[in-house]
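Consider the single chain below, provided in structure tokens and representing the form predicted alone.
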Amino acid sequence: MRHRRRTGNEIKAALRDLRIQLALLNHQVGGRLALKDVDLDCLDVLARSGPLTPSALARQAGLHPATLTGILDRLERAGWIARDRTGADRRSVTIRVLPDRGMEVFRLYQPMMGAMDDVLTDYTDTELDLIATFLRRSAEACERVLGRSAQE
């Protein structure tokens, strides 16, 4: 029992350390691109989810819609995103990342992706499955906590 508690605490500390290192990396990338951390978050959501309505993007990024409007204005002015009118309802808009600009971000994260590939080579397929499951479940736990705190 003592070993399990100690190892659990080590895992939690390592996750906090990773969060800090990723925040520093994001801040560095954002600085090179003249983007705020929240701008990168929105671009990442769009890159992973594809074009989204502003309300869907706000939900996925955890932002208030009024806050998102300013972010989208800034990203559009800087040539990062496009707002596309959809269908007959000219008020309906989807947001998408412009492909060339998305590649700029990808290139700056490439050294970290390569470093992660190097780390992953040390693990068996079974271990990688376990790590992927752990990380997915950890993200889901955070989503549950955020959902509860939003209701309080």
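Heads up: residue numbers just count along the shown sequence, starting at 1. Please read these numbers as outputs of a predicted model, since none were measured by experiment.
What comes next is about the form predicted together with the DNA, which does not appear here.
Which of these residues, Gly30, Pro54, Pro51, Gly102, gets a heavy atom within 4.5 Å of the DNA in the model of the complex?
Exactly one listed residue reaches within 4.5 Å, namely Pro54.
Which residue, Thr67, Gln110, Thr86, Thr124, is the contact with the DNA in the model of the complex, using a 4.5 Å heavy atom cutoff?
The option sitting close enough to the partner is Thr67.
Evaluate Ile81 for contact with the DNA in the model of the complex, applying a 4.5 angstroms cut-off between non-hydrogen atoms, and reply yes or no.
Because no heavy atom of Ile81 falls inside 4.5 Å of the DNA in the model of the complex, the answer is no.
The DNA contact in the model of the complex: Leu40, any heavy atom under 4.5 Å
Contact with the DNA, no.
Contact label in the model of the complex: Arg96 to the DNA, heavy atom within 4.5 Å:
No, Arg96 stays farther than 4.5 Å from the DNA in the model of the complex.
Using the partner position in the model of the complex, report whether Ile71 sits within 4.5 Å of the DNA, counting heavy atoms only.
Within the cut-off, so yes.
Residues Lys36, Leu63 and Ser92 all lining the DNA in the model of the complex, heavy atom within 4.5 Å
Answer is yes for this spot.
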